[in-house]
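This document starts with one chain, in the form predicted on its own, laid out as structure tokens.
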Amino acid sequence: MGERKKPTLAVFKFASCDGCQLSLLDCEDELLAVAAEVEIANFLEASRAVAKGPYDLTLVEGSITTPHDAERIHQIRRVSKTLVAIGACATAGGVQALRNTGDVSDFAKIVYASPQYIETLGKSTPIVDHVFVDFELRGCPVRKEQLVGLLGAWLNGRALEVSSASVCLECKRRGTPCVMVAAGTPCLGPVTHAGCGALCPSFRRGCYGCFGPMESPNTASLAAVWTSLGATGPDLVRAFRSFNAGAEPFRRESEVHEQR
């Protein structure tokens, strides 16, 4: 019998810090087990080997910020049987989406000595705004345990179960006291998608919203609680405009407080 042909895995980067790819490399022992089951066809962060495709599974990190990126993501989608967006940049535009609230040409004039050579889009947008995405993994960066779970589920032909609850549920599971109730610390946990394991509250810090908005977040109610704790309009704008500034619920709530 011939050797079993392994499914091909490709990983591509757009505008991002490489943190999500590093999370995959950080899987260490687990990654070795995965690597034994797949052929890594394109993953420049880990290997010089490059294959043109088609790819059975493609992981995409980063947001679309240039005309070249907008063309390239369509090329990648065409050669990918399954495409998964990983991390806040790929799923919500990332920190780069802060540009969406202003004039990019003004930013370019401040940063670059010769802005006329800069070719960029007016907005930083998630992958799903450009092509069909089979699945999304949230986080800044994405959590390595979820990456391993995703690859394991895909290899075994089953769906990955991801909680739609908020970070508050993770705090309760860990037995972590609510930082807002116990210490009056503003926290985005009630409106943020679970997945981080309630990392910041476990260190008595408020959640920063790394995993983006949960399903049906009541951002107005949370903003009212923050205000009762002494937060101002600018405080709320900064809170909702961070890792997931381009996520629709966070963007809308930040605009409500922008002029206050």
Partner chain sequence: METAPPGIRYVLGDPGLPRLIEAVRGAGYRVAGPKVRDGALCYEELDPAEALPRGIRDEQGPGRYRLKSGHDASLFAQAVGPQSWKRYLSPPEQRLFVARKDGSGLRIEPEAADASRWAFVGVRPCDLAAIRLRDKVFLDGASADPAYRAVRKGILVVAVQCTAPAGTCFCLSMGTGPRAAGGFDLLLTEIGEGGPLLVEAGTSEGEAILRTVPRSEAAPGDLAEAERRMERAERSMGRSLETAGLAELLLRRSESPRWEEIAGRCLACGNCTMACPTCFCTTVEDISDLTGSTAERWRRWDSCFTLAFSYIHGGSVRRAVPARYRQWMTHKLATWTAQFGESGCVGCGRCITWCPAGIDLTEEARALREADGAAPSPRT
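Small disclaimer: the values here were computed from a predicted structure and weren't measured. Positions refer to the first chain, counted from 1.
Below, we refer to the form predicted together with the partner chain, which is not included among the displayed structures.
- Query: Which one of Cys168, Leu137, Leu83, Ile73 is close to the partner chain in the predicted complex, taking close to mean a heavy atom within 4.5 Å?
  - Reply: Only one option qualifies, and that one is Cys168.
- Task: Report yes if all three of Glu37, Glu161 and Asn218 come within 4.5 Å of the partner chain in the predicted complex by some heavy atom, otherwise no.
- Result: Spot residues vs the partner chain: full contact, yes.
- Message: With the partner left out here, check for me: in the predicted complex, does some heavy atom of Lys52 sit within 4.5 Å of the partner chain?
- Response: Taking the distances in the predicted complex, the answer for Lys52 is no, it never comes within 4.5 Å of the partner chain.
- Query: With a 4.5 Å heavy atom cut-off, would you call Ala194 a contact of the partner chain in the predicted complex?
  - Reply: Flag for Ala194 set to no.
- Query: Does Ala231 reach the partner chain in the predicted complex, with heavy atoms at most 4.5 Å apart?
  - Reply: Because no heavy atom of Ala231 falls inside 4.5 Å of the partner chain in the predicted complex, the answer is no.
- Message: Is Val133 part of the interface with the partner chain in the predicted complex - any heavy atom within 4.5 Å?
- Response: Because no heavy atom of Val133 falls inside 4.5 Å of the partner chain in the predicted complex, the answer is no.
- Query: Is any part of 220-256 within 4.5 angstroms of the partner chain in the predicted complex by a non-hydrogen atom, and which residues would that be?
  - Reply: Contacts from 220-256: Ser221, Leu222, Val225.
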